[in-house]
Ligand code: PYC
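First, one chain by itself in structure tokens, the form predicted on its own.
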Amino acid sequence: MRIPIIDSHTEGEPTRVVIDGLELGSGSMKDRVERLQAEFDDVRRGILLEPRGSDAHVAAFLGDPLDDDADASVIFANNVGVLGMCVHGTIGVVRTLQHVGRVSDAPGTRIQLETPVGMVRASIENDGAIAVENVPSHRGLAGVEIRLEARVVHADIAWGGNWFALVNDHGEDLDRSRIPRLSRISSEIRRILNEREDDRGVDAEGRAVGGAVDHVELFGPPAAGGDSRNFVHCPGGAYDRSPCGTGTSAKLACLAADERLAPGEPWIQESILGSRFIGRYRRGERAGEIIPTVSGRAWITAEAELHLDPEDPYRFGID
């Protein structure tokens, strides 16, 4: 099996766009996701896991749009399964569409992508950065107490396209040398939250106020001129090299809920590497809801054709 791909990285985080090779059908996005999971999950693993990929890779499966106004449809997946949304991946997809000539790189150009969680809009900024208007985001729960082995911390649970636990009082230095320790603490936070059932339900607007936590986001003081630095622990155990676009969206929702950031005001979010996203938001239609926009840069790193040889014992990855 041969699968053409284009690789890029968005502020350090890799995206692997699958141009062709999988027949996911022409049904709804839900139907396509179900087919990807049921019929092509081994291929997903082969694309993303070693020896062809890494824990940090996110795949973007391009498809034809259902909506005539959309430029493409896209389903994101990582090393453990399908993602609801991925902003760094969206920036990578737009950069890839520019690279192959399907969309313009002129400032002001607008792009629309259908995703499993709704229509996502992007635009090209004057400096060439790609700004993504993400799905409506909100904070479901504030200050949830979590008793770790060594300390008590508190998490806001927020939706930015995936569910996040956002923690400020972890007491750790957000330095690259401490990534293994930060990963262990984040994993413990997620495990404890997801074992509990008291943080579930819906609010007065009918939205979920707590879902199974996908990502854990630790915050600390900036070190590269931003407003905050983060460490983001992803579902498959990797850390996000970028500042995480859905995580930045969740952060904006919390800042808005606490009235610490006004609509339209920029928030510069640094990653553990020091790369940066710029986030802004406008008010959504429902109470407590925001529409976040996150901008960043992406670069093409490779064009290739993956081979999944039927004689290769590791064609579907190394688990």
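Quantities reported herein were computed from a predicted structural model and do not represent experimental measurements. Residues carry their position along the shown sequence, with the first being 1.
From this point on, the text means the form predicted in complex with pyrrole-2-carboxylate, which you will not see here.
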* Whether Glu13, His215 and Thr246 all lie within 4.5 angstroms of pyrrole-2-carboxylate in the model of the complex by heavy atom -> yes
* Structure fact -> Per contact check vs pyrrole-2-carboxylate in the model of the complex (non-hydrogen atom within 4.5 angstroms), the hit among 148-156, 104-112, 236-244, 221-229 is 236-244
* Contact label in the model of the complex: Ser137 to pyrrole-2-carboxylate, heavy atom within 4.5 Å -> no
* Evaluate Cys86 for contact with pyrrole-2-carboxylate in the model of the complex, applying a 4.5 angstroms cut-off between non-hydrogen atoms, and reply yes or no. => yes
* Does Ser73 make contact with pyrrole-2-carboxylate in the model of the complex, using a 4.5 Å heavy atom cut-off? -> no
* Can Ser186 be called a contact residue for pyrrole-2-carboxylate in the model of the complex at 4.5 Å between heavy atoms? -> no
* Pull the contact list for 111-125: residues with a heavy atom within 4.5 Å of pyrrole-2-carboxylate in the model of the complex, in sequence order. => none
